[in-house]
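Next comes just one chain, in structure tokens: the form predicted alone.
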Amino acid sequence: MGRNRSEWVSKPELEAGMYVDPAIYTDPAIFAEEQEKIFDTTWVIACHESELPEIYDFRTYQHPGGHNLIIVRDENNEINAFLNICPHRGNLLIYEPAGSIKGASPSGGPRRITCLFHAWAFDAGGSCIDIPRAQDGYQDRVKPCDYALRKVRVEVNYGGFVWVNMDENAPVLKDTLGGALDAIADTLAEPLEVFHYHRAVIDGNFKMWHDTNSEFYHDYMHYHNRITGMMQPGYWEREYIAYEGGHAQVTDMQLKYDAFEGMDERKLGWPGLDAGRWALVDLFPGISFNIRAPAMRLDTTIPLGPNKVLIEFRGLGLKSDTPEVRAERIRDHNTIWGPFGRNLPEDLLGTTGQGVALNDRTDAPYVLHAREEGNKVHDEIGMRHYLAMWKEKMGRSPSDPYGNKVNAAE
């Protein structure tokens, strides 16, 4: 017998933390607060250094806190990040997603970022180097030295990824990771290179994508995962390891790719992982390192609203790969994780379905995070641990976000 509406939307008879009020996925006010309290104070990955291979190369980045950034390699081979805003009239400086300022642009000369609106120009280190007709219009009241670009903190670390933080007073990156990346240090030791990039925009909250990446109960969704992993020795022994800061690791296992009809055994490994082994580390609030030897996949989330998220997917190999090895990594990566692979589209479908269903705020049920299996692979500790950090950052209970504000210790 089905439940009536009152029964359907009532709180589960479980401890707080074992269920989630769906409002944390859909409320615009909560989302705005997340941008300020979480994304504006946290280290996030903007790109990889291999995507800026030459001096004066740039990428633009839509920061999850709602900021537009320029990531650029300067003449000293250093990678910088700036707000993509001209200090003159607040116009975008760069409109293209990626490119180089080495050559001249329609609005300015080479080796400079030139605003197309009034041709104010800046070098790759952020200094203002030209204001057209400055003396005629501003006399000595406006000086280029006072109008440099707004610099954003950058660290290039842990495999050559470009990390940025809007908070000038935040701890250094290492101090925020709680040792979560130590477990895969060997997999990040050699220089990496991005060989595949695509993005998806789906109707769903950024935390839903985290949830999908941080629990393996949904392996029932993936026929490929059931055959190559779930039915193989070692699957049920995989454990969750929780780290300070809301981060988590799932211990690795050996996959059997040739159990899937039409697939061959993987013979190419990855530093720190034998061929066919699978490891995962998930970082708060929206980064996943997912390695299935022979390739690495990195997911980064950029929330566009409470119920819309842009997810960037990068496939990586080793910079030292021969053409033959690189071709094998690309083939194996795209077979599983490409836009038409055997795994990733199913995850996107599941998260989209959750986003569409829970956006019906009048009849959205409480969401369960209640599986406890001794921290083994189908335990939902990854989601609970993540939301414990969310609670600390937000001062709200995920089970009762509109109740009294909470302290981190509660």
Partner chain sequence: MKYVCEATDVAEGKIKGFDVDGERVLIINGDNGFRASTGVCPHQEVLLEEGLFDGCVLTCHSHLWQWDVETGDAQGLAEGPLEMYQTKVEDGKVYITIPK
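Residue numbers count along the first chain shown, from 1. None of these values were measured; they are calculated from a predicted model.
The following text describes the form predicted together with the partner chain, which does not appear among the structures shown.
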With heavy atoms only and a cut-off of 4.5 Å, decide whether W236 touches the partner chain in the predicted complex. yes
Mark Y220 yes when one of its heavy atoms lies within 4.5 Å of a heavy atom of the partner chain in the predicted complex, and no otherwise. yes
Is the gap between A327 and the partner chain in the predicted complex 4.5 Å or less for some heavy atom pair? no
Residue-level question: is M231 within 4.5 Å of the partner chain in the predicted complex, judged on heavy atoms? yes
Candidate stretches 92-100, 161-169, 220-228, 296-304, one within 4.5 Å of the partner chain in the predicted complex by heavy atom: 220-228
Going by heavy atom distances of 4.5 angstroms or less, which of A259, L173, L268, A242 would be at the interface with the partner chain in the predicted complex? A259
